[in-house]
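First, one chain by itself: the form predicted on its own, in structure tokens.
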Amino acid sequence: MKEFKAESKRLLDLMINSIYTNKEIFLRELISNCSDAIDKRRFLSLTDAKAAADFCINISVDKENRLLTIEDNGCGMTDEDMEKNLSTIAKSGTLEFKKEHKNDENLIGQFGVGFYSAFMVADSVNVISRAYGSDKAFKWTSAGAEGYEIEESARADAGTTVILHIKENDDDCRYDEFLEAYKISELIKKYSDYIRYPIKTDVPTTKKKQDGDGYETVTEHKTVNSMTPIWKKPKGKVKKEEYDDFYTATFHDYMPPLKQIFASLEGSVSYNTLLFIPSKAPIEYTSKDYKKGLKLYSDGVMIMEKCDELIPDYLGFIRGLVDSGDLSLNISREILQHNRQLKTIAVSLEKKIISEFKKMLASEKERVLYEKMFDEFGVSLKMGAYENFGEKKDTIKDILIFRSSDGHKYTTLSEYVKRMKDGQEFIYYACGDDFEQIEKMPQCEAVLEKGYEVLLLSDRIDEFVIKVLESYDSKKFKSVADKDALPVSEEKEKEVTEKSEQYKELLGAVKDALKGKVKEVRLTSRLKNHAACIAADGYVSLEMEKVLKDMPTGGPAAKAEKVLELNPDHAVFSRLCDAKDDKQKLSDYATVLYDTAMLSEGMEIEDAAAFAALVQKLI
């Protein structure tokens, strides 16, 4: 028996125990080697017609003897090739072939280490191979780092057979599963479904008995892989039903997607992509257990199940895949050597998705689909605009839509601005728990009476997004709750100022009665049919206070500086004036006005039972 060099021994041990973190990828590596070998022979057939063959990869299982066999009819190896490629770790026959023949085809196995992943699941490996054009075959045998043997053998035609003796089960792994036909088929479909050559294996199939009496399970040796990826087929030749079936089967969703997005781009990094917008958010979507990411393929071989670097967080609901032959893979084919390539693809994908979203918004037919998507994932898009101090707000602002007082329909900011009334200075918005409640807010009344449209913001993040956006198309956002939401005539302003001075003592008494609940009590001219409303001074609005209160900050949440605004033209204000000399009655009226204004804002009051008792007392 020949010994591996000391360096090779250490490297082999490192590879088996460290480089490959997932044992099941051994089959991917061996199948990829078979594909490379067939690629080489197919390349030779371009100048040597005799090299052509009915190329395929065969996999068989012998459970009784714990043997798993992977066989191809590729270029095969001589004993010298075995010595170089199998006995010198990190010596790649594929890389040498590319150099020798100046071949630019995407042959994946360039590192010469994938073969050794077999020792993760096998305690011994036999390789029988006959090189194309040779009449001799050779057998390479090894039980791991102890060494190897090469001897002459027999094989009918060119190609290579790899025979693994699968390990016994232990505490770390149940190796028996790699002797199950269903598991082999599953791994082929998972990692090697798009290898360009047929991969055939034994597949248990339930069939009706020939006599027609019941069913029986028979084993058939048939092709398992799809070979041609659906994303590489001409778009016009694939039916929507086929894409839907691919999506539901691949991503385990019971509902077809709302839409699929295609791209085939060439540049510094060329790639194909097939993306899907789900119809519904998965149950775990808003939990910490949800993992975003796209499937990553290198020329049809799956490299990563979920590559989160390909998609930004705010688009994390998108499902799909990317296939590129330009990726620089590391020796385990589990990560990439150069993140630059991933970043290049990620930037391109983000632009493509945003572009598709804009097209959907502009299309009368697809607008409906976009709005359905926004119902499910709109908060994610808003988070993208808000995060990192609005770093991506200019990228995202044109794909945001909001409900509006115009029939509660969705509108883009661009559409809102185009509908603005002559003389309208601001984009108005109001926040609350639902559209009906928002429209009934006292502060909305005057703005709506002017015929101005109001954005109805019911998501907790909405006002934070508006604050980050600041303006759209030079039009600033303005909350209907702001005291300067509407311009006031000099005459009206003078009237309110005079009344404020006239009732200064009363306003101070109401503030004192509320015992620190409000920063100020003031008169306002913007209320019509309501007696009072709550406004906020400073950056933190009432809606922000509600959101911050529910956040697990670990400390006291920021609070809005509340202002109680009173309508001096309302009958209730007259009752206040009448009670100015009755301290208890004035306190009762002030408390009721404050609590009812808080309820109108969708805010909680401190003591609902006390409020009910006070109302009953006053009645």
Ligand code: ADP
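The model shown is predicted, which means the values in this text are computed figures rather than measured ones. Numbers follow the displayed sequence, beginning with 1.
The form predicted in complex with this ligand is left out here; the points below concern that form.
Colleague: Using a 4.5 Å heavy atom cut-off, which stretch among 572 to 580, 558 to 566, 46 to 54, 27 to 35 contacts this ligand in the model of the complex?
Modeller: Comparing against this ligand in the model of the complex, the contact stretch is 27 to 35.
Colleague: Within 4.5 Å, heavy atoms only: does residue 86 come near this ligand in the model of the complex?
Modeller: Because a heavy atom of residue 86 falls inside 4.5 Å of this ligand in the model of the complex, the answer is yes.
Colleague: Is there any non-hydrogen atom of residue 472 lying within 4.5 Å of this ligand in the model of the complex?
Modeller: Because no heavy atom of residue 472 falls inside 4.5 Å of this ligand in the model of the complex, the answer is no.
Colleague: Determine whether any heavy atom of residue 72 comes within 4.5 Å of a heavy atom of this ligand in the model of the complex, and answer yes or no.
Modeller: Contact with this ligand, yes.
Colleague: Quick one: does residue 160 come within 4.5 Å of this ligand in the model of the complex, counting heavy atoms only?
Modeller: Contact with this ligand, yes.
Colleague: Give me the residue from 408, 419, 504, 252 that has a heavy atom within 4.5 Å of this ligand in the model of the complex.
Modeller: It is 252 that has a heavy atom within 4.5 Å of the partner.
Colleague: Can you work out which of 115, 374, 357, 271 has a heavy atom no more than 4.5 Å from this ligand in the model of the complex?
Modeller: Partner contact (heavy atom, 4.5 Å) among the options: 115.
Colleague: Versus the form shown, are the CA atoms of residue 36 and residue 273 closer or farther apart in the model of the complex, given a shift of 3 angstroms or more?
Modeller: Pair moves closer in the model of the complex.
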